[in-house]
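The form predicted on its own is given below as one chain in structure tokens.
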């Protein structure tokens, strides 16, 4: 069968745009070849793919500004991209867009240990921020499971957290200032090397805005002194509900571990086979870590184990040394990769009140039987940020659609339990049509008006966050006004 000929108008537009971009960027920073642009056709939500028109890889704020100014003049949408680890389709291209990747922008620009800050380009990976300051016994607290690969740009876009967010907070709690380029090329400095900036909290608006408002090129981050010590404990239970009740009681008692992680049997088995962490084979496993001096660690673990024992654990084991502690965390950090060896899966990101954990876990189990798809649960239990992994077969007709319908029902359950659609993965395309389940029409309109102010032409990260019908109508109004 003959392939359809490329549209001459699209080819001409692509050639003109590439020529203009090469005038402001190094030659190797503009990717035009169709085969090479396929590298950017999806992010970690691989069920959806679409090659972009072009991709660009700038190295500085000035180059980003030049790219956005040209795309603004040409009316070309732009999709900002960090490392492409988004699980919600946050960096999925459209066929008429330019992918703007920040991977080459990975320098440390300033380190100030006296004031506990580091300023970096946002293409730098999460883990390498801590790596840049570890010799001075400092670290950067947010630690998403993808921290080896994910970029600070994406962390800011999605307000990422991680296992240790229970004590240290998520990205917004560790972000002090940014350099951001608006869609028309304007460069804005927001916040800075201080605790709180005066005036409107624009930093709070931008962190978690998923690239809808601008492209963040530099970030000033809070770094912290490493604690004197830390120690995890493994606690196994014979049911998910009992493990959830234990977590709820720990939080209710006012104990603040640095992390409380939850894994159920399917995830335990996969992680043990993958990482050989020495996990007990039980129905539910908690990994609880405390930190501080030896006296503080002993006191906190004493309180935690007392609560844990009241729920009749099948196993309770404290890490005996640093190697054992590292193996415990290796198993948890390997969870998503380990599950990928078993089957295709969709990873959700709903957040609920900790007190609702037993109920929500029970309902997910019931819904699993209703939809006929298995679920593995692994999540940040301390702050109720759930990550159900729905297993499906991508090669089986209808399985993906069933998986998506199941996922939507889980996310609705999270909202109905008093939580929200996302804790750290963002909305992207995955949850955009569920936004009206969480927000009223008036609430959504307020968010849309913020987008109108920052990006009047609706060119930044199109078709994300808001219901597609809403974004299309907003874009139509913007085009009519030109």
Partner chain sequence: MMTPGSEAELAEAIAGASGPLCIQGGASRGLGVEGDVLSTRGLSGIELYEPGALTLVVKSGTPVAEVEALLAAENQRLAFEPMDHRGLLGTDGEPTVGGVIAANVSGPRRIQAGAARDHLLGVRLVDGSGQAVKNGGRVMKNVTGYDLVKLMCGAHGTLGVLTEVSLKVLPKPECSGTLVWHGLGWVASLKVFCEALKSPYDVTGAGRVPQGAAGKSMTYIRVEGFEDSVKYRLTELRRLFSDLKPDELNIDAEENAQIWQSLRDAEPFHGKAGDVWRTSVKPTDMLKVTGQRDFEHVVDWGGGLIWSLVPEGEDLRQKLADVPGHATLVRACADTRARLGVFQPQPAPLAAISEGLRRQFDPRGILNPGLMG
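Residue numbers count along the first chain shown, from 1. Each form is matched to the other, and the largest set of C-alpha atoms that superpose within 1.5 Å is called the rigid core. Given the structure is predicted, the values throughout are model-derived calculations rather than measurements.
What comes next is about the form predicted in complex with its partner chain, which is not displayed.
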query	finding
Heavy atom within 4.5 Å of its partner chain in the predicted complex - residue from 127, 330, 103, 187	187
309, 252, 396, 276 - the one with a heavy atom within 4.5 Å of its partner chain in the predicted complex	252
Close approach of residue 51 to its partner chain in the predicted complex, 4.5 Å, heavy atom	no
Partner contact for residue 374 in the predicted complex: its partner chain, 4.5 angstroms, heavy atom	no
Interface membership of residue 323, its partner chain in the predicted complex, 4.5 Å heavy atom rule	no
In the predicted complex, residue 363 touching its partner chain (heavy atom, 4.5 Å)	no
One stretch from 233 to 241, 93 to 101, 74 to 82, 192 to 200 that, in the predicted complex, holds residues within 4.5 Å of its partner chain by heavy atom	192 to 200
Output flag, 208, 427 and 454 jointly within 4.5 Å of its partner chain in the predicted complex, heavy atom basis	yes
Those residues of 210 to 226 which, in the predicted complex, come within 4.5 Å of its partner chain by heavy atom	210, 212, 213, 222, 225, 226
C-alpha of residue 72 off by 2 Å or more between the shown form and the other one on rigid core	no
Residue shift check between the shown form and the other one, rigid core fit, residue 164 Cα at least 2 Å	no
Threshold 2 Å Cα movement between the shown form and the other one for residue 119, core superposed	no
